[in-house]
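Next up is one chain by itself, shown in structure tokens, the form predicted alone.
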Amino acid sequence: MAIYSAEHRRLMEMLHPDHHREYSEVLSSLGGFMEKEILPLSPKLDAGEASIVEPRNALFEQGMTLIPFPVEHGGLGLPFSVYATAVELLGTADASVALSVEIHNAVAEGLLRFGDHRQRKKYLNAVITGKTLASFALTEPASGSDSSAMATTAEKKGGEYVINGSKMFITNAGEASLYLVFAKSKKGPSCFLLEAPRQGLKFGGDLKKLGMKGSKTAEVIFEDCRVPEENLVGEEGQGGEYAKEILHGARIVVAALNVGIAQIAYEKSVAYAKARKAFGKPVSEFQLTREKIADMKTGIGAGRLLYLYAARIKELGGDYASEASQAKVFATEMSLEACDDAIQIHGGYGYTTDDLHRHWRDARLLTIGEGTSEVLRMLISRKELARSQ
């Protein structure tokens, strides 16, 4: 199995006819590395027998996180669709590593778009090269997807902000040394950069999860945590808008990640259906099995086109919020269904073998994280109704 396939090459040629060979060379190199170094490690990450640190650092060294960022900041300056495709490939190799990298790079995009010159100079290169691991701290125990209801506060005192409250379900928490934190100040939701360790910044234990077991997820706690005024990102009171903009891009990447999960479940299902025999013939010859395989393949192709379409609109500077949400809703739900079909095709082995059902467990998170399907359907309908006026 080649993680970077002929289908990916054709799409790169369609999207970027003048540079597709260059982009395919980057993606093929990354895919080959993931196939050799990360894919075999994936079951051990799920079982807690290996650490995410080594494969994540190896990806930093391979330059994956440099892809979408400008050359002047040390990035490769390649299109966002190339980066999203790289995350799809990583989702095929291991979803936990892909999630950790996706969250990390979402912070970098926030820095690029909303940080000032001094903040970008101090932090951005360190983040995109992986010298500094980053974490995105928005979700709270009681408010979930409703960022306007956040209870974490940031009170300005002299030349500092004093932050109190907590964040829940935060990826890379406790491992990261830079946190993009959202808290409610006098003027409304605001955004801050926090370096760790620091007094008043604490972490809960690693949360036990159904899936994505290779990545660390924990509570982040602020107890009179003091942050210099210069670590306010952008304008005070605009943090809610910044979070929305960062999440629009992140949803494209999460959609790509889910296409990757569905792809590995599909590959395993095809191989098993051809090898497994029942009633004297391979399972792949039964019509209902073939229907499942056809539906999986069609869904994967549709999900891939949706996330690439949203990525291309982003590259061209258009409003892509609806398209990003469409891609995430479809790809996350498609991936879950594809993984469920994979379990069914494998029968009892699908239910009892960790190496197969972990894909379903990984996919299950992403209909919830970075905007639930229910919330995103409301966003899509609001955007599309406004467009039709």
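Just so you know, these numbers come straight off a predicted model, no measurement behind them. For every residue, the number given is its place in the sequence shown, counted from 1.
What comes next is about the form predicted in complex with a small molecule, which does not appear here.
- Contact annotation for L365: at least one heavy atom lies within 4.5 Å of the small molecule in the predicted bound form.
- Taking the partner from the other structure, the small molecule in the predicted bound form has no heavy atom within 4.5 Å of any heavy atom of E13.
- The closest non-hydrogen atom of T139 lies within 4.5 Å of the small molecule in the predicted bound form.
- Although the partner is absent here, I380 lies well away from the small molecule in the predicted bound form, with no heavy atom inside 4.5 Å.
- Of the candidates Q263, S190, N105, T171, T171 is the one whose heavy atoms come within 4.5 Å of the small molecule in the predicted bound form; the others do not.
- Think of it this way: in the predicted bound form, the small molecule has a heavy atom of just one of G144, G301, G77, G205 within 4.5 Å, and the residue is G144.
- Screening 131 to 139, 302 to 310, 156 to 164, 285 to 293 for residues having heavy atoms within 4.5 Å of the small molecule in the predicted bound form returns a single hit, 131 to 139.
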